[in-house]
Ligand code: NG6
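Given as structure tokens, the chain that follows is alone and in the form predicted alone.
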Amino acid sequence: MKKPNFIIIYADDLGFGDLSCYGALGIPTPNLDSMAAEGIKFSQCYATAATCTPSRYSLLTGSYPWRNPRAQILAGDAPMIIGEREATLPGLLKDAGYATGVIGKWHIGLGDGDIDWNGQINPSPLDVGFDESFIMAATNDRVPCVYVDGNQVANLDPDDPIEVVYGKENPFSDVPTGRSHPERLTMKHSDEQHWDTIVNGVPRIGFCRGGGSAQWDDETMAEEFLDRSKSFISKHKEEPFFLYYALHQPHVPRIPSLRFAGATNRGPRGDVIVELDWCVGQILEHLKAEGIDENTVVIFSSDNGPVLKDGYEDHCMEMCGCHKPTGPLRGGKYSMFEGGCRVPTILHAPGMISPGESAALISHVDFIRSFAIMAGIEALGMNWVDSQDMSQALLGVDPVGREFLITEGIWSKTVIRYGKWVFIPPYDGPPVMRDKFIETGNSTVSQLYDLETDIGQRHNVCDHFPDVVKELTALLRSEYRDSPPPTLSKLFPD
């Protein structure tokens, strides 16, 4: 029997309520709606973290991010945080005869601490299990704004070398920044983090000089990644393959292609979600045209919850209207509340599943073990601490899924979800990120919520269920084992 192909389409900062099939208003997503109608739509699937680098690390390694102290939001020139001998999802599948590729956003680090942007970049995705790689190094709001093809910058002119510096002061007197030359901006920054080197009229995080021929065009980025993904599929259609297609939408700066500019009345964030939806539709159509859609498992999800104001004045908050990016959930990106990690998730595999909806409890950390089981390669050895076999839940057979899972807000502040309960220990810090208008979940007291009756987490019932609090406190601590998170709660003193 032929092994199934696997594609993970990973959105960036897309909320639980951002798709029409999850209740979005004013943002049409017909392709993802069709994907959900033909596949399985999950209501309780979680990224491991409310921020990008940690959740992406978990997706590829099968480990909770707090087990790796370096799994925090990375700078654009940060070193690779996946260890040389660390098991990975692409590595597992590659050893089993799969062609493996990553296209799109990376943000898990490159190099070993001093990246040579003008030469060979090692380690790169090619060193952690991928056969092919075409990525942006970090995020679209961080320099350098170039594509990395394999282990070198694409289209680089050796006579115009790239220099990259992260710090508070601009070391390049000849390079304009959002702070020094606001008149050159086509998009204004809203904080002092996003006011550094200007690329395509947009101030980014970090300082960069050179590499003009290699700079990406924000307006064509979506189609660049899409075309590369379709080519990878066509190239490997006669063999089993795994494609990690990591979208950059709707992360800031939100710059849709011309065909989608103004596609909604929800501002550029709504427009790039429509663009994202089109990209997904193009992938599904391509699989069908190549005759491999019934043997391909496609999972669409997001790395964390949504944020509206995140460094730029793009008026997305004002234009959001009645649309609620988190749907009924509280919080958002960076937050310990449900809106930070509970994300829209759809599985499409017309030759393997019966369409429907599922409330099974699943974590993205489970993909590595579950894919191995689906591919029949359990014998290769799976010794991941955190990944569980959720293959039957993903395929719609098991309606329950996990007994419990752990997520985290920003700075590795862990939360445990157990059955209908979610427990947030007390953590120091502001209750609200005021510049982003997001509740963090920080509190001086423990928080316990019954998600069956209070999905919006408005009623803390800790005082009514002390035994549950005690049980979940002990369970959370036991799961730390010998690798506790760098940020410990008051419940877990040294």
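Position 1 is the first residue in the sequence shown; the rest follow in order. If you're wondering where the values come from, they're calculated on a predicted model, not measured in any experiment.
Same protein, other form: the form predicted in complex with this ligand, not shown, and the subject of what follows.
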(request) Counting only non-hydrogen atoms, choose the one of 181-189, 163-171, 297-305, 315-323 that falls within 4.5 Å of this ligand in the model of the complex. (result) 297-305
(message) Can you pick out, from 342, 364, 269, 333, the residue that has a heavy atom within 4.5 Å of this ligand in the model of the complex?
(response) 333
(request) Check each of 388, 118, 193, 215 and return the one that places a heavy atom within 4.5 angstroms of this ligand in the model of the complex. (result) 193
(message) Residue-level contact is defined here as any heavy atom of the residue lying within 4.5 Å of this ligand in the model of the complex; does residue 52 satisfy this criterion?
(response) yes
(message) I'd like to know if residue 89 sits close to this ligand in the model of the complex, meaning any non-hydrogen atom pair within 4.5 angstroms.
(response) no
(message) Using a 4.5 angstroms cut-off on non-hydrogen atoms, would residue 408 count as touching this ligand in the model of the complex?
(response) no
(message) Within 4.5 Å, heavy atoms only: does residue 18 come near this ligand in the model of the complex?
(response) no
(message) Please tell me whether the candidate spot formed by 33, 293 and 348 is one where all three residues come within 4.5 Å of this ligand in the model of the complex (heavy atoms).
(response) no
(message) Using a 4.5 Å heavy atom cutoff, which residues in 120-147 contact this ligand in the model of the complex? It's fine if the answer is none.
(response) 139, 141, 142
